[in-house]
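Okay, so here's just one chain, in structure tokens, the form predicted on its own.
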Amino acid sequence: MKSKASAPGKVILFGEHFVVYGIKAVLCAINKRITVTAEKVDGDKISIRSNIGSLELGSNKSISEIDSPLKPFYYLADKMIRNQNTGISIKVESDIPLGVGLGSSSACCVAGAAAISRLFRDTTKKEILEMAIEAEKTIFENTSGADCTVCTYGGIMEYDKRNGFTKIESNPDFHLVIANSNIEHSTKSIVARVREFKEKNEDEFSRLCDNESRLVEDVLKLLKINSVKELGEKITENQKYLETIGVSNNKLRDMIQVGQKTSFGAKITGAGGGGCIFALTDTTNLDQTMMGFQSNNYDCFSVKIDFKGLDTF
């Protein structure tokens, strides 16, 4: 018996870092996906194959002893096969760049939870999301669950620590050109850097939080009317706040400058310090923006919002 599921990656449109301090963030799912195929096999082995390596272990191993980025799949499989007298083979296929802030780990956890659990029983999206967040905690202990949520339900959502997520019921029609700096970065260390900035500049950070909060409220209105040009202005403004708190660098600034020449606005997405930036476009300036990055030898690709979310088949 086989079970297959796919889940989209994600982009943080607004609010990264500030969301840690209670400000809303706006996220969207993107039409780049992780696909997971799970199959029952003889024995009690859990076998995982992916483009970042393989993992094969017997069941009932301590998750703390597993040193592999594939351990969320092991965690999910091991949980499901207890008292089932079966093993599981898992295949992971991805068209999301890994480790660059586009939600590859969250999409893996969501698609993995769906594919593996449905070998044994029908599971709802809510149950799959709960399992995915548990699995993601094996690699990101303090995950908010926001990424897994948008990867499960698709579309655009607002998220804050107090109220959780709310899906934004609008269908804006824009493209994002995502450019990859190919700089490795540690989200943990960059979050610590922002905390240090806050502690040394309490008044300035408080003003930035107020500004970001007002900006996000404006963005929520603009998304509903698909005002792409004004959204671009908000993206440019948000990038200035990210520069102030110290999560940018010369390469990211250069990429943003390239993107801003032809798009409506460009900014970092995710932790910063490396990873990706995105530029907001529509059909009138998509090709020109792509060519701008390519002519400067930056890896780039275009995406649209994925409104489907988790898909099982």
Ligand code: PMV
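Numbering starts at 1 and follows the sequence shown. Because the structure is predicted, anything quoted here is derived from the model rather than measured.
Heads up, the form predicted in complex with the ligand isn't pictured, but that's what we're talking about next.
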Next item on the list: Can you check 87 to 95, 118 to 126, 185 to 193, 227 to 235 and let me know which stretch has heavy atoms within 4.5 Å of the ligand in the predicted complex?
Entry: 185 to 193
Note to self: Is G265 part of the interface with the ligand in the predicted complex - any heavy atom within 4.5 Å?
What the structure shows: no
Margin query: Check V19 for me: does it contact the ligand in the predicted complex (non-hydrogen atoms, 4.5 angstroms)?
Written below: yes
Item checked: Partner contact for I12 in the predicted complex: the ligand, 4.5 angstroms, heavy atom -> yes
Margin query: Even though the partner isn't displayed, in the predicted complex is G154 close enough to the ligand, meaning a heavy atom within 4.5 Å?
Written below: no
Next item on the list: Sequence order please: the residues of 101 to 120 with a heavy atom within 4.5 Å of the ligand in the predicted complex.
Entry: G101
